[in-house]
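Let's start with one chain on its own, the form predicted on its own, as structure tokens.
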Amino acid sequence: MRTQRSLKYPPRGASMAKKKVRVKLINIRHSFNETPDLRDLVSACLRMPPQDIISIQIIKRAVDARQERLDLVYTIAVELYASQKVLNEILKRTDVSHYDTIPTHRPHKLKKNQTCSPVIIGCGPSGLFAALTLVERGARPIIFERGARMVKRIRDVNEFWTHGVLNIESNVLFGEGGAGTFSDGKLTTRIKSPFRQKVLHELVKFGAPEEILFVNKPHLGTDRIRQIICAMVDSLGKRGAQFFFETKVHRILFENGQVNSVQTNRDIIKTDTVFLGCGHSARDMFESLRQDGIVLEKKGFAVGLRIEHPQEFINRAQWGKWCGTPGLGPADYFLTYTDRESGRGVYTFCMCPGGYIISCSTYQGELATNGMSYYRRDSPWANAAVVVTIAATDFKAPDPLAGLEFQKALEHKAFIMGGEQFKIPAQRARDFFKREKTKIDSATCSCLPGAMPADLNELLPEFLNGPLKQALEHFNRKIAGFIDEGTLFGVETRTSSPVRIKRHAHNFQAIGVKGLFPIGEGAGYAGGIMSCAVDGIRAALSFDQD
């Protein structure tokens, strides 16, 4: 449903005794199938004449299918004329409050001219938004990305999904745009940073639909995010940033506790500043940092399987009698469980309505899964990861990369179970409980590059299988048929980074070394497109600050 976010109205005889004020109004609603004038709804709600309403801005819009009527529900910022007496009466309501506009983000210029350009490693959300912020501040950053530009990267990924030929440097996780390029393109986040709006407005500037500014669960889809990323890279290049694709940084060189240069597969580049946004799958970079004495620590993450259902089944379960309403779109879900015996949390992650399950391997002999969907979310399948929490304390070895080794072992086992062809091991959820293999074919799943029958009980260790099965039974009580209608695929290991590059909270620089700014998901401080982008902005703003 198309909705204009901001509406301004010409003044029509507003009284001079009234002053201009802004308020926030929640729970404005109308029937999903109607398109009333929001001004009339606000006027009726506040019991004010329409001519006193100056402008309306939608802050959030969501669908409510829980009532007798299917509704669109809004949170709205309203600019209006009101006397002090009327304003006092309005503010007595529980659904109205003062609304303060978020200040426009204006990055401060660099304090001094730089003797050498700052280097950014990684062209994902954290690296790109760090580059954007540095350009806005007057710097000319150099961005190194080990993977290829979009056109070649898509070609490499399609070759992998079609013929099982993996390019270890240009794939689902490495290349222009980072890992989020081949995903659902979700922009939801739990962080409260004011820079969220900065990220959303920049994405709109580069081609994202304006609806991401106000819909409850914004997403871009893999198709749109590819276009947006390319437009952003091209724009930054015209503004002074330099991009070098298919250029792998082998090592960051230090001298006397200070970044000195970076060594790539092509050259050694002098610099005193590196923003490290390499992503959570750059294991070789983590190993290089450990060898150079950079302070790393183990970090909790989650591991499990991915479950797929017919999208129509999820629609019926979630939308109920409203299932099939034109324009409603595919339904999603989010489910959680805490295992009483182990204390481990189990939750659904990266749910992709109308999506695909994809192999996202980055190393030969290893297989990992993820979910992906296009903007229209029009696949007949819905999938989500079902993952079990793993704490840093689960790894008794002092090695900060112990979590990486655990990932590698599971991914190698999945590769073997997939016939050593990057096929994804699969099993009907009910058969997972019975320990019976399931006949799987392309007509019964969305898998790219395909699925291989397996007993997934043999894939995960029992300390994960137990809570996982308990959670599935709990989810089945929440959504009847969740087990019988579901098929499981494995293995889901790349939920977040299992290692953290320790940094100072006040200036974002790595502990014990100057000029190294670990950012984004790989550094262990963010997860998902939005929080990674915000982390890149914040780190770039701290650059050259005392």
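Note that the structure is a prediction, hence the values are computed from the model and not measured. One-based numbering along the sequence shown.
Omitted from view is the form predicted in complex with a small molecule, to which the following refers.
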property: Candidate from Q407, Q311, T133, S183 lying within 4.5 Å of the small molecule in the predicted bound form - any heavy atom; result: S183
property: Partner-facing stretch of 204 to 212, 282 to 290, 314 to 322, 78 to 86, counted where any non-hydrogen atom is within 4.5 angstroms of the small molecule in the predicted bound form; result: 282 to 290
property: Interface membership of A414, the small molecule in the predicted bound form, 4.5 Å heavy atom rule; result: no
property: Contact flag, G371 vs the small molecule in the predicted bound form, heavy atom cut 4.5 Å; result: yes
property: Contact of F144 with the small molecule in the predicted bound form (heavy atom, 4.5 Å); result: yes
property: Any non-hydrogen atom of F174 within 4.5 angstroms of the small molecule in the predicted bound form; result: yes
property: 4.5 Å heavy atom contact with the small molecule in the predicted bound form for all of I307, L488 and P498; result: no
